[in-house]
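In structure tokens, the next block holds one chain alone, the form predicted on its own.
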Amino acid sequence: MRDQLEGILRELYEVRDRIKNADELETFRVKFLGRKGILREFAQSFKDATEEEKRTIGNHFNKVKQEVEDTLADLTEKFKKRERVRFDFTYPGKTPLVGYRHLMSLELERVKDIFASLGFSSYGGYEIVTEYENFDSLNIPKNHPARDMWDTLWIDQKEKGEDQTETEKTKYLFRTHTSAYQVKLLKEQGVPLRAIIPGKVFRHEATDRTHDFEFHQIEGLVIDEGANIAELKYVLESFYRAYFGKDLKIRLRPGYFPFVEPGLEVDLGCIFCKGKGCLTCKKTGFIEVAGAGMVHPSVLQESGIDPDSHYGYAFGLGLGRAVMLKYGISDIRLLHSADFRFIEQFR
């Protein structure tokens, strides 16, 4: 039996050196000290020994058992220390993720700064407006195509005002242009006024590389006694030169917008070919970037301003179009995407 105990001790030393984790330690405990473990089985067989054997072998058994228990205690403490979370103040930490502003937000601030240097104040306006603000106040009559359901995102109001007639209901929509704030701004601020109205606008249309159903627009509005088209052209030239950092030409063409008279299409000298003609400008040397014109007399009258004593000009430029030209972005939909591969290029 003494040889059997020596065998148990040798096995203890062999198994002890191979234990690598807490799971293996539990297996060790069950094997030696469990209900059906090696030492329990030896103790059961020890009952049939003589009194002399119990005296001589018993002391050796207790030593082997103590060795097993000490080994178990030492390894348990060892693995507990490994599980403790320790902080090493000398170890380099992980760089925390820090938020950053989106490209469109940065460019919008840049645009505001440029217009501020030209004497313009910046105003907001609601994205959901009334039919009057978006259309009626801007000389856009009831039968104008812009009011069609395919061009305009109307707010569903079926749950409200069911007892009202169609003419009594106030209709709301997502603004189709920042011009919707023109009349309200003039009534609030009065004249003279030199302002820009930046913000998102919404239109019900199919999306492609150059069109989206939502985009940023910068509305410019100047009302004063001496406002004229020459000043309008100067403002636009000054803005685009500052924004692109290049000496660019502006071309004005006749265009139609109900709230200006005369209406103008604004073309920018191609920044890629410098007017020589390329695929981007379709060999014309110019790229259409904005709409503009002299504020229509009916809009001035709607704002409580005498069109015989004050004149004004207005312009609306797409911020997304300008950003695409500046950074060589091929698809306007990327500006509103959540694709980090695109966004992180402009951190």
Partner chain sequence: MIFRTEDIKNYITAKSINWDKTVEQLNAKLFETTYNNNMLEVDVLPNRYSDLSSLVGFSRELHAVCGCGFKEPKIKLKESRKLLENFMSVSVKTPLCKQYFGRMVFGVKNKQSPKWLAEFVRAYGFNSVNLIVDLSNFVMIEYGAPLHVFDADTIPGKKIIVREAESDESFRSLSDKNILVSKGAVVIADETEVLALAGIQGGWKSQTTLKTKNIFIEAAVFDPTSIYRTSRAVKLQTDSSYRFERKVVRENAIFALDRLTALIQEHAGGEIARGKVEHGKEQLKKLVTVLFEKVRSYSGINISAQEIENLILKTGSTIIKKTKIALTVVPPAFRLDLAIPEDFIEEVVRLYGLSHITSVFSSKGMIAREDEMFALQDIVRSLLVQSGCFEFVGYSFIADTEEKILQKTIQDLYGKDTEAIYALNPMSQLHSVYRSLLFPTLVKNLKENAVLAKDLRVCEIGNIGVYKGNNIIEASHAAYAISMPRVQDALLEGKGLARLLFERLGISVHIKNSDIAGFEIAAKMYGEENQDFGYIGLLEKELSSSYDIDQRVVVAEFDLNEILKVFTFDVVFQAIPEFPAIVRDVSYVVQETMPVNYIEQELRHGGTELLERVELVDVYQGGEIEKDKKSITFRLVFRAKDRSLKDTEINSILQGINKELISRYNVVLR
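In this text, the rigid core denotes the largest set of C-alpha atoms whose superposition between the two forms falls within 1.5 Å. This one's a predicted model, so the numbers in the text were calculated from it and none came from an experiment. Residue numbers count along the first chain shown, from 1.
Here the subject shifts to the form predicted in complex with its partner chain, a form of this protein not shown in this document.
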**Q.** Contact test, all of 225, 261 and 338, partner its partner chain in the predicted bound form, heavy atom 4.5 Å
**A.** yes
Q: Let me know the one among 296, 321, 65, 29 whose heavy atoms come within 4.5 Å of its partner chain in the predicted bound form, would you?
A: 296
Q) If you check 136, 74, 247, 205 against its partner chain in the predicted bound form, which one has a heavy atom within 4.5 Å? A) 205
Q.
Can you tell me whether residue 156 touches its partner chain? I mean in the predicted bound form, with a 4.5 angstroms heavy atom cut-off.
A. yes
Q. Even though its partner chain is not shown here, does residue 243 get within 4.5 Å of it in the predicted bound form, heavy atoms only?
A. no
Q) According to a 4.5 angstroms non-hydrogen atom cut-off, is residue 277 in contact with its partner chain in the predicted bound form? A) no
Q | Any non-hydrogen atom of residue 255 within 4.5 angstroms of its partner chain in the predicted bound form | A | yes
(Q) With the partner left out here, which residues of 220-243 have a non-hydrogen atom within 4.5 Å of its partner chain in the predicted bound form? (A) 224, 225, 226, 228, 229, 230, 231, 233, 234, 235, 237
Q) Any chance the CA of residue 206 moves 2 angstroms or more between this form and the one not shown, core superposed? A) no
Q. When the two forms are laid on each other by their rigid core, does residue 230 show a Cα shift of 2 Å or more between this form and the one not shown?
A. no
Q: Quick one: in the predicted bound form, is the Cα gap between residue 148 and residue 256 smaller or bigger than here? Answer closer or farther; it shifts by 3 Å or more.
A: closer
Q) in the predicted bound form, do the Cα atoms of residue 333 and residue 145 sit closer or farther apart than here, given a shift of 3 Å or more? A) farther
